[in-house]
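Coming up is one lone chain in C-alpha cells, specifically the form predicted alone.
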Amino acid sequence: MPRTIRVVEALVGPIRWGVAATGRIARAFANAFGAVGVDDASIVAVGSRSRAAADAFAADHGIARAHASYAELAADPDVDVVYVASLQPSHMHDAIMMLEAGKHVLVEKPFTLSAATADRVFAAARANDRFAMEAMWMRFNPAPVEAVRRVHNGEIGLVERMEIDFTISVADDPEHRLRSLEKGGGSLLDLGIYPLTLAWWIAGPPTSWTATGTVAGGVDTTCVIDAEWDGITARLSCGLDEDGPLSAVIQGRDGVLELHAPFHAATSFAIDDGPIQRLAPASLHHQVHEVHRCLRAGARESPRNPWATTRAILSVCDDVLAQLGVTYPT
C-alpha cells in the first residue's frame, strides 16, 4: 500500500526563500528562480560563511538581505524556506539548523552523506513540523519526466536492460571539491546518484547490486554498479577521469528509449528510430514549483520525491561505498 503523505496547515501568502551558500549551484538556483513566474515567491535572503561572499551574491541577484553566517539566515524571521547548498558534509547540520529555526528546506543532493544522517534530518523535519525534500532536480525536469512516463505506459514493453552513465573529466587537483574526502567528494554521491535514481525511478528498488571502481585520495574516482531486478539488469557508471556518453538507454522487449546527453538535464529523447521528442529546457526552477505546490497544500514531503526514496537510495550508496572502501570522516 502506498505510504500516506502527512498534510498539515498550508502555507499562504508569498513564499519567501533564503539561500544557504554562495557557490556555483547556489548561483544556478538564483539564476533559475526568475523562471518560477506566477508562484508568488521570491528569494529574500542569502547566508554565507563570509560577509563579503554574502554581500556579493545579494548584489548580483537583487536579494534584499545578506547574512554573514548560516545561523543568521536561520534566525531571519522573514524566511519561510531555505535552499541548502553548502558543501555536502555540512548538509545534515545546516538542514537541521534551518528546520529547528522553523524553516522548510530544499537540500541539494546528495541529501546527506549517508542514510543514517538523512534519518536525523527527517526526524528534525517531523519534530518541527516542516517540509523537507532532496533537490534531485532530474526528477522534475520535463524530458526525464516524460520519458519515464512513456516507459511506465509500456511504450517499449517490459524493461529488460538499462545502461546509464554520468562520467566527466574533473581537474586532477586534490583540493577540487569532487576529489576531496573532507569536502564530501567522489563520483558516486555527486554523479552516480543520478543513474541510480533514474534506474530506481523506472524499476523501483533493485534486488541486488555489486560495485567496482577505483579510489584515489580516499574518494571513488570511478564507480560501476551492476544492479538487478526481477527480469531487469542495469549497468550504472560514473567517474571523474574522462568524459563519458552521459546518456541513458532503456531497453524494453518492444523497443529502446534513449534520453539524450546529458540525460539528467536532457531536453529530448527518442524511442527507437521514431521522431525526437523535444521538451522544455531543464532548470532548477521545476523542483521549486513542486516545493511551492507542497507548501500550498500543507504537505511535509513530496509524493514525487518522498523521504523514503531518498533514504533508500542513500542506503544503497552506503553499501556501494563500503564495497569500494570509501569512508567519509563525517
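Bear in mind the structure is a predicted one, so any value in this text is a computation, not a measurement. So that there is no doubt, residue numbering starts at 1 and follows the sequence shown.
We do not show the form predicted together with a small molecule, though everything after this point is about it.
Visitor: Is Thr222 part of the interface with the small molecule in the model of the complex - any heavy atom within 4.5 Å?
Guide: Heavy-atom contact with the small molecule at 4.5 Å: absent for Thr222.
Visitor: Spell out, yes or no, whether the shortest heavy atom distance between Leu314 and the small molecule in the model of the complex is within 4.5 Å.
Guide: Outside the cut-off, so no.
Visitor: Considering only heavy atoms, tell me if His91 and the small molecule come within 4.5 Å of each other in the model of the complex.
Guide: Yes - in the model of the complex, heavy atoms of His91 and the small molecule come within 4.5 Å of each other.
Visitor: Can you tell me whether Ala282 touches the small molecule? I mean in the model of the complex, with a 4.5 angstroms heavy atom cut-off.
Guide: The answer is no: Ala282 has no heavy atom within 4.5 Å of the small molecule.
Visitor: With the small molecule left out of view, choose which of Ala227, Ala85, Leu188, Val79 has a non-hydrogen atom within 4.5 angstroms of it in the model of the complex.
Guide: Looking at Ala227, Ala85, Leu188, Val79 one by one, just Ala85 meets the 4.5 Å heavy-atom criterion.
Visitor: Partner absent here, but in the model of the complex, which of 22-30, 290-298, 266-274, 58-66 has residues with a heavy atom within 4.5 Å of the small molecule?
Guide: After filtering at 4.5 Å, what remains is 22-30.
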